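First, one chain by itself in structure tokens, the form predicted alone.
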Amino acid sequence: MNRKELEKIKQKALQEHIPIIMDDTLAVMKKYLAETKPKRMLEIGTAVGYSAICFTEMLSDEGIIDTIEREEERVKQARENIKKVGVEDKIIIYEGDAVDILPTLNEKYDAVFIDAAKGKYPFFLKEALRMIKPNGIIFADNILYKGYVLSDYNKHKQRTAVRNLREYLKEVSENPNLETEILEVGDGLAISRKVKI
């Protein structure tokens, strides 16, 4: 992996205000992924490919990441970035809306990373649960959304996102097949492990 290129990708994204995974969130996820060495991972929300590139280091030797992105320009950038870093054999990009693409996937995943439209998190969870293997982990980034989710925030602008993130947290907390912890790293990270039944 070309780390110099990876650092350039990170800096460019930060300069252009493209949302990429925060360092502390990445550090926590890397710890979990290093323990489990996923063979197959799903990422919902590629952006410019930065997080997927970072995750390739944690995969098993033959590991693959499937990642979904709907914005054409971002897909183009992600493909270029993945090539620059030299991990194109590890990452498959699905171009289109995750709402349309997810129901067509029938892989079984060791890990799922949700980092896309906040208003769709409950739908992403439903699809992730359908495809996650026993002992697999579902990560959901930005789950506390600037602190709004656990406060009495109710402004119109973000109301749908906040309501759906709250619904996501309720579902992962009450699902008997999941063990969930919510960490206050980055903008909040929910980590749900599917327990064997």
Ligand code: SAH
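One-based numbering along the sequence shown. Nothing here was measured: the structure is a model prediction, and the numbers come from that model.
Unshown form predicted together with S-adenosyl-L-homocysteine (SAH); subsequent notes refer to it.
Enquirer: Looking at the partner-bound form in the model of the complex, is Lys84 within 4.5 Å of S-adenosyl-L-homocysteine (SAH) by any heavy atom?
Expert: Because no heavy atom of Lys84 falls inside 4.5 Å of S-adenosyl-L-homocysteine (SAH) in the model of the complex, the answer is no.
Enquirer: At 4.5 Å between heavy atoms, is Gly96 in contact with S-adenosyl-L-homocysteine (SAH) in the model of the complex?
Expert: Looking in the model of the complex, residue contacts with S-adenosyl-L-homocysteine (SAH) include Gly96, since a heavy atom lies within 4.5 Å.
Enquirer: Given that the partner is absent here, does Ala116 sit within 4.5 Å of S-adenosyl-L-homocysteine (SAH) in the model of the complex, heavy atoms only?
Expert: Although S-adenosyl-L-homocysteine (SAH) is absent here, Ala116 would touch it in the model of the complex, with heavy atoms inside 4.5 Å.
Enquirer: My question is simply whether Tyr50 lines the interface with S-adenosyl-L-homocysteine (SAH) in the model of the complex - judged by any non-hydrogen atom within 4.5 Å.
Expert: Yes, contact at 4.5 Å.
Enquirer: Exactly one stretch in 125-133, 162-170, 56-64, 41-49 has heavy atoms within 4.5 Å of S-adenosyl-L-homocysteine (SAH) in the model of the complex; which is it?
Expert: In the other structure, the partner sits against 41-49.
Enquirer: Counting non-hydrogen atoms within 4.5 angstroms of S-adenosyl-L-homocysteine (SAH) in the model of the complex, say which of Val149, Ile138, Leu33, Ile68 makes the cut.
Expert: Exactly one residue meets the criterion: Ile68.
Enquirer: Give, in sequence order, every residue of 14-41 that has a heavy atom within 4.5 Å of S-adenosyl-L-homocysteine (SAH) in the model of the complex, or say none if there are no such residues.
Expert: The stretch 14-41, when checked against S-adenosyl-L-homocysteine (SAH) in the model of the complex, contributes Pro19, Ile20, Ile21 at the 4.5 Å heavy-atom cut-off.
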